[in-house]
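Single chain ahead, by itself, as structure tokens, in the form predicted on its own.
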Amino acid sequence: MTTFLELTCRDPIVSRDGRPFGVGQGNRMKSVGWLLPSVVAGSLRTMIGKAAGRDFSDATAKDLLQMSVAGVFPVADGRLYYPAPNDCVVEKPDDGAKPAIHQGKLEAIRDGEGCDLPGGLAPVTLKGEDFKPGPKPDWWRDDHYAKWLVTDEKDFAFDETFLQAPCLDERTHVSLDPAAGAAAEGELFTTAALAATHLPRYGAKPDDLFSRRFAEIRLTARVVADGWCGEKVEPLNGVHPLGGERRLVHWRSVAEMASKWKCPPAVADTLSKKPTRLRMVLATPAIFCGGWKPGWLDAELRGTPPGASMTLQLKGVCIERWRAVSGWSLAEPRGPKPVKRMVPAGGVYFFDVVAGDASGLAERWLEPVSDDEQDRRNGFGLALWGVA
């Protein structure tokens, strides 16, 4: 059964990166920009195991790992938000005028030209003169995103409904040694956490009222679970830590969230017209066995995404540099998990349709495309689809 959750953060959420932190390692914690899917999945599975009164034996862990957890995404003013796509580049004029928005396009290689991209991929370029890119909003509302996926940058503009990344809540902790009158050894350190109750509005002025500078948000997640796990998730309503330092969040199932996870009508209608070129945008970081390249593509960069029924030919890629993800395993063997490389959220893949009907991709909206099945259950690689 599928359940949709609403999360309300009581405290700033700790989601640190993999840099050393602790006694003898480092005294300044660094935070990632947004919660990783595995952090949400791990916290929820622990909550469900406790709620069921289970002993976290191997059998219990096996059942919990079968739960598919997707998210989290912010919800503000009743609308779902997604991370900004990488094929959007902002040109900020020096004269204070409105920024120009450019959409990356595949550039055909002409006779006498060439590049060293692998597999004959075409470069993704921008029209116009060279310029220094300016900042763009980090989080886009679902209707803006749908417009971006089915049209070009013409008439596209940013306003206060676009949101920025969460502010960091940094705290310095110290324990004084009474004998020395100074910080005790290893007891002076700084933590960093994501303020996930409000997100800054794009373009807000520093002297605006708080309500105009920030949008109040909730978080949403989707859970697919059967058996005793599904029975515990469906009526979920309680407080449980999320992330590090046991920062508290209220979790509850909300049936009304279901509609927000569906493909927008504008995108579904465009996909039903059998486009020949598609864009796949990563709404959460993806883990592929080929690094940047999905493992479901063959040596000719041709393949079928997980769960889909069509064949695609990769033509171009627009992604940021890889990020690392790890963690700590409480199951045997206990200890640090192996480091994996992620393609960051917002990455864009350009495909040509080789065989099949693209209309079926509307049903694959926000479904994972990572290679490993457990990574997909952990929410890595949720994909949004559009035309190019």
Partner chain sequence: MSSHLLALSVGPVQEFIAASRRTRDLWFGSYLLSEISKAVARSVRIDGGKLIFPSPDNADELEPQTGSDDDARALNVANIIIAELKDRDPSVVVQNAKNAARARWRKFADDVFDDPKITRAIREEIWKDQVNDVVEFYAAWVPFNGANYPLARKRVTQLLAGRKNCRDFCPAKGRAKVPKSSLDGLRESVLVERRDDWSAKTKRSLRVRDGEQLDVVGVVKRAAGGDRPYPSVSRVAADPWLRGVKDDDLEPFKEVCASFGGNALHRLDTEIYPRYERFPYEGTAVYRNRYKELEEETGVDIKPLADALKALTDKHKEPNPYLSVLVADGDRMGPAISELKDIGEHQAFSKALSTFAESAKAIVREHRGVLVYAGGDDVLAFLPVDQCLSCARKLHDTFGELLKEQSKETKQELTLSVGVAIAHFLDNLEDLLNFGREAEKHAKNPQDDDRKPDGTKQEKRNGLAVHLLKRGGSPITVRANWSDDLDERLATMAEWLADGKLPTRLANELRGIADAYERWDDGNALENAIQKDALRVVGKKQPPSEGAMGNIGDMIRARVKNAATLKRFANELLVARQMETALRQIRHETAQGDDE
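Note that the coordinates shown come from a computational prediction; the quantities given were computed from them, not determined experimentally. Positions refer to the first chain, counted from 1.
Note that the form predicted together with the partner chain isn't included here; everything after this is about it.
Output flag, 110, 130 and 342 jointly within 4.5 Å of the partner chain in the predicted complex, heavy atom basis: Contact check passed for all of 110, 130 and 342.
Which pick from 187, 160, 91, 226 sits with a heavy atom within 4.5 Å of the partner chain in the predicted complex? By the 4.5 Å heavy-atom cutoff, the listed residue in contact is 187.
Name the residue from 304, 272, 125, 253 that puts a heavy atom within 4.5 Å of the partner chain in the predicted complex. Comparing distances to the partner chain in the predicted complex, the residue within 4.5 Å is 125.
Candidate stretches 228-236, 112-120, 77-85, 161-169, one within 4.5 Å of the partner chain in the predicted complex by heavy atom: After filtering at 4.5 Å, what remains is 112-120.
So, residue 55 and the partner chain: in the predicted complex, are they within 4.5 Å at any heavy atom pair? Judged by the heavy-atom cut-off of 4.5 Å, residue 55 is well away from the partner chain in the predicted complex.
Please determine whether residue 372 contacts the partner chain in the predicted complex, using a 4.5 Å cut-off between heavy atoms. No.
Does the partner chain come within 4.5 Å of any heavy atom of residue 319 in the predicted complex? Because a heavy atom of residue 319 falls inside 4.5 Å of the partner chain in the predicted complex, the answer is yes.
Report whether the minimum heavy atom distance between residue 156 and the partner chain in the predicted complex is within 4.5 Å. No.
Given a 4.5 Å distance limit between heavy atoms, list every residue of 20-39 close to the partner chain in the predicted complex, or none if there are none. The stretch 20-39, when checked against the partner chain in the predicted complex, contributes 20, 24, 25, 28, 30 at the 4.5 Å heavy-atom cut-off.
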